[in-house]
Ligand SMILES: Cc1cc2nc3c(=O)[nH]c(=O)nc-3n(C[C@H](O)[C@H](O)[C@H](O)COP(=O)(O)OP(=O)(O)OC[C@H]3O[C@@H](n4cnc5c(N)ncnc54)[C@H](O)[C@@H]3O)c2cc1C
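Only one chain is given next, in structure tokens, and it is the form predicted on its own.
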Amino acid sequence: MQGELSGPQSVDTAVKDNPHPRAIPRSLPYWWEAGEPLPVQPLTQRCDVVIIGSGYTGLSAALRLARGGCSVAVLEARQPGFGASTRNGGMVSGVLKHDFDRLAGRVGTDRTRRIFAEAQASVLFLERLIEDEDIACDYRRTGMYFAAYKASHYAQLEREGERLQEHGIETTMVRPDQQQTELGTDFYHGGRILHLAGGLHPGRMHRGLLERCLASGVEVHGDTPVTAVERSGLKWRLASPRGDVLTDEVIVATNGYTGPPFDYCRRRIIPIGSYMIATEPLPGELARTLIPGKRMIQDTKKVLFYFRMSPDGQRILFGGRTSFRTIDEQESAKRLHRQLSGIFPALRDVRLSHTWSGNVAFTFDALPHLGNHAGIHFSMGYCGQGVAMSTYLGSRLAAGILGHADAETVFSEAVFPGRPLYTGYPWFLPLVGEFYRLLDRLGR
């Protein structure tokens, strides 16, 4: 996306004992493309709405607000697109991380049905946005394949698929003996296709949204962290190292990168590191056999893997939570490459071109939340399904500020849950991660 702007820099120096310097991948997202940074502009002193965070949520809200007649400033602590919006796998899906019946047992069948319906609607919203705004982001509705890690997982996928079908969500089972139609490996035991799903280039998607915002009069300021927020009469005063801004409305759209001074949200978000690698271009015939249907892939492990072909069909992009502690991206690349080779033995000697990481924002109920606390608006907590949902809910949040009829969403109805003594630092993740790994080994 904006590899020259910010983030991890490329690794140019080989480890001394490595005879193949090219084998060391660059520590930056595959999606980042060299580009000119946004010109530094004087910070506006007054506007109708200030949005903190320049990812999909913030830009989607900014675009709608600006076209609704508001003056809008987006403030970003690093450079625009630094966070998860340009670090994710580019996978678009219309489901959340919930089994339908288990969620219904918790929140009721009617609300569960509405949650799943809006998850589907988020994909349709994203597709319309890409088409209407003519954003060249390599989007294709490919479907997503959920690969059964254990033989017992196939039956679970089948049962859940039947429930999804009952509620209008199209799925197709792939028997274990049909596995090769979806993946060129015997590592998995069949799976299920979700048809309303696809893939895009997240860097180009972000760039397209950014360009539409700028063309609509939105001010976007990088390297402008917000250090304090306070009431100033009927307005909000936001402080930053570049100056203060007065505004009528404040939106927090920082997701897995939420920090002070937004402690209400920070105490309700669990930032979890996710790691990814990209292979160097593969021989054409090999690339065609790995994922014949070119679908997005996610497996059924608790500590799951997700992977896909790059939009040009030449590389495998492979990700997972290879550690629940912060580790060096070169180390995560080694681990992910071993795991990738376990699935596709033919890739054992393939070199990597890129390695990177980013924060995924989970919530304590594993659902996104949109709302208003003490006069400050927020939308976040997409739990690894944010490409469509963040864009959709950013627009819904803006609709509420504008007073538009389509502002209603089921994700604004529930209390945004926290936990006693949790301050935003997830000290418990290594313990939870090891427990989940144990469940994976047991096939649970």
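Residue positions are given as counts along the sequence shown, with the first one as 1. What you are looking at is a predicted structure, and each value in this text was computed from that prediction instead of being measured.
Note that the form predicted together with this ligand isn't included here; everything after this is about it.
The partner is absent here, but in the predicted bound form a heavy atom of Ala253, alone among Val72, Ala253, Met205, Leu183, sits within 4.5 Å of this ligand. A heavy atom within 4.5 Å of this ligand in the predicted bound form is found for exactly one of Gln120, Thr224, Thr322, Thr142: Thr224. Residue contact check for Gly161: none of its heavy atoms lie within 4.5 Å of this ligand in the predicted bound form. Remark: Arg78 counts among the residues lining this ligand in the predicted bound form, judged by a heavy atom distance of 4.5 Å or less.
Using a 4.5 angstroms limit between non-hydrogen atoms, Gln385 touches this ligand in the predicted bound form.
Put simply, Met91 is close to this ligand in the predicted bound form: some heavy atom of it is within 4.5 Å. Only one segment in the set 111-119, 342-350, 175-183, 81-89 has residues whose heavy atoms sit within 4.5 Å of this ligand in the predicted bound form; it is 81-89. With contact defined as any non-hydrogen atom lying within 4.5 angstroms of this ligand in the predicted bound form, the contacting residues in 329-367 are Gly358, Asn359, Val360, given in sequence order.
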